[in-house]
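There is one chain below, alone, in structure tokens, taken in the form predicted on its own.
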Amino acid sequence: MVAVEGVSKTFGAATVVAEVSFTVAHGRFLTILGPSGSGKTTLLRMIAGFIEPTRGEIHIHGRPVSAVPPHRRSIGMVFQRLALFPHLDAWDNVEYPLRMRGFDAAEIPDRVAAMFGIVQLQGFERRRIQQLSGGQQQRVAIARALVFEPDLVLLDEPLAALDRKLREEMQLEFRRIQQELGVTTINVTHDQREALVMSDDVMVMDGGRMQQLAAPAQTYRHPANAFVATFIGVTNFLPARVASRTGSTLRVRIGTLETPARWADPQAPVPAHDAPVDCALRAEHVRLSPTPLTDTDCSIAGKVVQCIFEGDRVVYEVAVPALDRAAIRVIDRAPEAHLLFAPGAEVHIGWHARDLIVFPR
């Protein structure tokens, strides 16, 4: 449905998007994830036609669209600020794109009514926009973007202004509607959870370049580089040196600890003995115990520095002398079944070799 081929965008001397290429198959949901300034919104606006690429080409449905204005690209958009018409009620907002595109007047009421059913807003058709809650306004914006059956839907951080609970509910609602209609969708966000929950594929961007494009589970479990590992999830980064290697299996030295680890890219050569590397260890992969651990690949002593209760989890910060007193973050997602360690408590932490991922420095 969408093919982006070597697309770049420069503003003066600044390169905002650099040589990005990817495809999106029909019916797939792609999220472009990255921090502010990574180029993700500029890329989305080029796909929409609001910005022209400096280099490269974008194809939609097999057709190059560089010379096609936005209103002729068969694209529905949902913006962060929604851009609903406040002087129109919900029905008229959804009806508007049909009238602008010259749909048969006799067909319009059935289309609009069906869309209100899909977004589950029956009974709210004649409400003014100001009379709707934030979530209901989101549903109106979704209905307006989808009612004319576009080839492609683009989402420009439409959930960013919502509170956490409503945002998480709307993530699931977006996904339900997208799967029900089978519409190809590209979403832009800096919210990691949103990207993992809503998407078939996640593209991580930084510095205007694509860092990784993979399924959510692959992106989370097998980050392509140190940036992806850092940006997604709570990750401990530890400077280390290669102690020994056997094929793609290696042992690293972190402070005074020598421990087995997993090389991030089995296709790339493993660094030589004593080469500096960086190790990534996700906080939820670290075990915490009052006694030495016997069922992990390593177990080292530490002291709890901080304990933060977050409702569904407890986040600990543990100082570990053997790791040059590095502060290791540990996430306990079942605190009601585990011991709660107060600051100052002597503990042991451990992890499995497969969870300590080594990246070149």
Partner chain sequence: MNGARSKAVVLWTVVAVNLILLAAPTLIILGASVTTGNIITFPPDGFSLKWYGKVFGSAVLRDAFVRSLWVSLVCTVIAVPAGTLAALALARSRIRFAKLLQLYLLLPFTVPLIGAGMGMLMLFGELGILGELWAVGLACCVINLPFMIWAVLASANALDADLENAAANCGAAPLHAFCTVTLPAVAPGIITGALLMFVLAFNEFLVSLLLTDANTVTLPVSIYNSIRNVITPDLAAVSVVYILVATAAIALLDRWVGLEIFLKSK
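All values reported here derive from a predicted model rather than from experimental measurement. Residue numbers count along the first chain shown, from 1.
A second form of this protein, the form predicted together with the partner chain, is not displayed here; the remarks below concern that form.
- This chain is displayed alone, yet in the model of the complex one of Arg81, Arg193, Arg253, Arg176 has a heavy atom within 4.5 Å of the partner chain; that residue is Arg81.
- Of the residues given (Pro271, Pro97, Gly233, Pro260), Pro97 alone sits with a heavy atom within 4.5 Å of the partner chain in the model of the complex.
- Using a 4.5 Å cutoff between non-hydrogen atoms, His87 counts as a contact of the partner chain in the model of the complex.
- Taking the partner from the other structure, the partner chain in the model of the complex has a heavy atom within 4.5 Å of a heavy atom of Gly76.
- Contact check for Phe227: no non-hydrogen atom falls within 4.5 Å of the partner chain in the model of the complex.
- Under a 4.5 angstroms non-hydrogen atom cutoff, the partner chain in the model of the complex has Phe148 among its neighbouring residues.
- Within 4.5 Å of the partner chain in the model of the complex, a heavy atom is found for none of Gly12, Lys40 and Arg209.
- In summary, the region of this chain contacting the partner chain in the model of the complex, judged by heavy atoms within 4.5 Å and restricted to 99 to 107, 194 to 202, 157 to 165, 284 to 292, corresponds to 99 to 107.
- Contacts between stretch 15 to 47 and the partner chain, counted in the model of the complex as any heavy atom lying within 4.5 Å, involve Arg45 alone.
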